[in-house]
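You are given structure tokens for the same protein chain in two forms, set apart as structure 1 and structure 2.
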Structure 1
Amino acid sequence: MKIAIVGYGRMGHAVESALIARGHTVSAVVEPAGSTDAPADVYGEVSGTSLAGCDVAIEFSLGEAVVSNARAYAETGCPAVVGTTGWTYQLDEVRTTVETSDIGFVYGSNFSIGAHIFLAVSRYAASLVRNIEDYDLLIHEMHHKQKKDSPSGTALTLAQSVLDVVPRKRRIETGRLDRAPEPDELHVSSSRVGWVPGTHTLTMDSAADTIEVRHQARSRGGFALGAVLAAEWIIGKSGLYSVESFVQALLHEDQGE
């Protein structure tokens, strides 16, 4: 497939490696800041010109850019995979744009397939202690020191899933705890250090033992691979899809689900 890379920053470079490893080619790079190492012609914006001849676009750019880029994908009929974060308060606008066109559009804040497997396994593990009050639960996440948000979106998704399956936990506490946690609180803690690409741990602790479920990303490669797999999947579909619906389809595709 011919794939346009939209946003040629840290993730855009990781996407380039992942798509070449899967036998695709880069048809164009859209990068307003310009680039000296791009593998194809570089354009300043998403348009009919930059998307000419491309089968699908993969975007990791800036939240502010997503709404207008979505309009350009719709106008040019180019399907898109958008991993950019910080724009979902505008999701309704993007949904309208996508649904009044024929394009397919996959979006989400975590394209790592491994992270989604971790979320599913963690949810199941937490559900096993729902009736065993001896086990208390904790979520901890660790990321590199450039990360701006805290806790991570993935930690919050995991926390909500624990609340869904463990009725004695009713509230998420993300602050510093200088007291004993209340029994209905689920503490979600964060650390920022060095270059860690992202580690999430669910701990279930009793007087007798500790059970941990952990996902440790090694690089941005996992996010990039997930985005390329989503680009292969979206071809021929139309409509707005969350990354979760794509991952569900991927994980269960041999099971007829």
Structure 2
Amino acid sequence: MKIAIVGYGRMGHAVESALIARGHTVSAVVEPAGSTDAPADVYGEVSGTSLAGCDVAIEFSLGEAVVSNARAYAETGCPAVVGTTGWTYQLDEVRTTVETSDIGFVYGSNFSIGAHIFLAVSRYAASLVRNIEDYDLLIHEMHHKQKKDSPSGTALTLAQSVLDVVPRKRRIETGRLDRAPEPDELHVSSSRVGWVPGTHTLTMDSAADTIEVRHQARSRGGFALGAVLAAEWIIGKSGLYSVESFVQALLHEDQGE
């Protein structure tokens, strides 16, 4: 396939390596307006010119550009995989754009297949202690110091899944606690340091013992590979898909279902 890379930062470079390793070709590299530090074919907005000849676009760019980029994908008939964060408050607008076209559009905050297996295992583990009040629960995530959002999208996804299966936890608290947490609060804490690609931990703690479920990314390669696999998967499909839908389809396919 010929793939356009939208956003050529650390993730864009990792995507390039992953798609070349799988035998694909980079048709264009597009950098958002104002981001001229990285080499690119096009600086500025995604357009029909920059998408010419591409089979699919993979975007790890700026949240404020996703809506206009989605319009460009729809107008040119180019499917897209979007791992950009910080834009889902505009999801309805993107949904309308996608659903009035024939393109496929996959979006999510984490394209690591291993991370999604971690989310599934964590949800199941939390469900096991739902009726055992001796176990309190905590989520902690650690990322590199360049990461702008806190907590991570993956941590918030995990937190919501815990609330779904543990009725006594009804609220997510992401701030600093200078007090004892309320019994119905699930505390989600964050750390930013160095070059950590990403570590997420679900802790279930009682007076007797501690149970932890952890996912630790070693590099951005896992996120990039997942995005390339999603790009291969979305070809020939139309509509808006979450990364969770893609991963479920991939895992079921591997199991022959």
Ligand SMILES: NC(=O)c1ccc[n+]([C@@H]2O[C@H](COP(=O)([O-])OP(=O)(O)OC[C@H]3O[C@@H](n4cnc5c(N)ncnc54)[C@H](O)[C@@H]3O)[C@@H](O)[C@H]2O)c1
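Rigid core (definition): largest C-alpha set, two forms, superposition within 1.5 Å. Note that the structure is predicted; figures quoted are calculated from it, not measured. Sequence positions of structure 1, starting at 1, serve as the residue numbers.
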Shown alone, the chain in the form predicted in complex with the named molecule appears as structure 1
request  = Verify the C-alpha shift of Asn131 between structure 1 and structure 2: is it 2 Å or more after superposing the core?
outcome  = yes
Tell me, please, whether between structure 1 and structure 2 the C-alpha of Ala231 is shifted by 2 Å or more, with the rigid core used for superposition.
no
Here the smaller rigid part turns relative to the larger between structure 1 and structure 2; that angle in degrees is 10
Shift of the Cα of Ala180 between structure 1 and structure 2 with the rigid core overlaid, in Å, rounds to 4.6
Core-superposed CA shift of Lys169 between structure 1 and structure 2, in Å, is 2.8
